[in-house]
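Taking the form predicted on its own, here's one chain by itself in structure tokens.
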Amino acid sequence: MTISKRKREHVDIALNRDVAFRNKTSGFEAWDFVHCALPETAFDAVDTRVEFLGRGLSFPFMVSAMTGGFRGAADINRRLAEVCQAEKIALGVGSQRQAFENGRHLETFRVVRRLAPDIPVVGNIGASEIVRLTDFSPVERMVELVAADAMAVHLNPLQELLQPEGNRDFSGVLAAIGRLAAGLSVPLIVKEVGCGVSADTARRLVEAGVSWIDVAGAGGTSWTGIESHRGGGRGRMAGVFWDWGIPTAESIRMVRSVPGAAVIASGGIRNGLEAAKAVALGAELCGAAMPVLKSLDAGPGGLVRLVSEWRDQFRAVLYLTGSRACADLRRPGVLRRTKAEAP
């Protein structure tokens, strides 16, 4: 099966099949904000702006890596880029592996920076690709393809394990990440794809030279579910591992505990309140993919409405906790645990 066909299938399945975690949540329901009845500020005076990769954002949000590399992806990425530019939020492109191997669909990636000149754009390549390289000039070409401000390397051992065409050997990945972090012209982000990152993994990544870690935790979209619907999933293994992973809220706390690790939180974030909880737990930035894809598919204006609503909800949390800026969410006493996190 071609990479382009697989990418098309991933988008179709995400939009049309049930691929949510079944018995595990992202864990944000275990936390609640302490209400401040005397915020002593005006709602419109609350400042949600942050900086990411040297560029300003209207609030700490990124459209997580989604797609590219197949016929039709150019239209998706065009609409994503237009909204992200207008709303001043960051954008991560989907895996650039297809462009890595041939030049048929390069425009699906190039369109992003052409239509979004002012926002942070993050490139994307898989760990199984970089481990095979003897030099990293092909990765630099992927950086140039989208004029990326950073490059993400995604870790997806479970997805690869379940794909019929997947790579079941992750030997040497950490060493390859270390070499790439030392030699790449832009910052390196390492991200999971829905199973979370543990404190031990984060520690090893920081020691290898990585600062930014996107936890992409469990509780949102199950890539085991997606691969199962593709007809793979290694038989009955997919059903057993559908809910595998570290809940996002717990993964944020794990990674945040590691000195030198800057956290991007994604995985099951479904509104501005949960985005604010992620920041309060220690994330610098939040990301989402499935809600974005579905809002985009719903028709004109859908994604603009989603971003606007989430930003207003995020601002409301700051206002109702007496916070004047995003960093204030991390002060002691703003967030409290209400119950044990979901298993």
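As the structure is a prediction and not an experimental result, all values here were calculated from the model. In case it trips you up, residue 1 is the first one in the sequence shown, and so on.
Form predicted together with a small molecule: not shown, discussed below.
- At a distance threshold of 4.5 angstroms between non-hydrogen atoms, residue 193 is in contact with the small molecule in the predicted complex.
- None of the heavy atoms of residue 317 is located within 4.5 Å of the small molecule in the predicted complex.
- The small molecule is not drawn, but in the predicted complex it has a heavy atom within 4.5 Å of residue 216.
- Residue 24 falls outside the set of residues with a heavy atom inside 4.5 Å of the small molecule in the predicted complex.
- With respect to the small molecule in the predicted complex, the three residues 10, 268 and 291 uniformly fall within 4.5 angstroms at the level of their nearest heavy atom.
- In summary, the region of this chain contacting the small molecule in the predicted complex, judged by heavy atoms within 4.5 Å and restricted to 274-282, 36-44, 57-65, 298-306, corresponds to 57-65.
- Though the small molecule is absent from this view, in the predicted complex it lies within 4.5 Å of a heavy atom of just one residue from 247, 220, 120, 225, which is 220.
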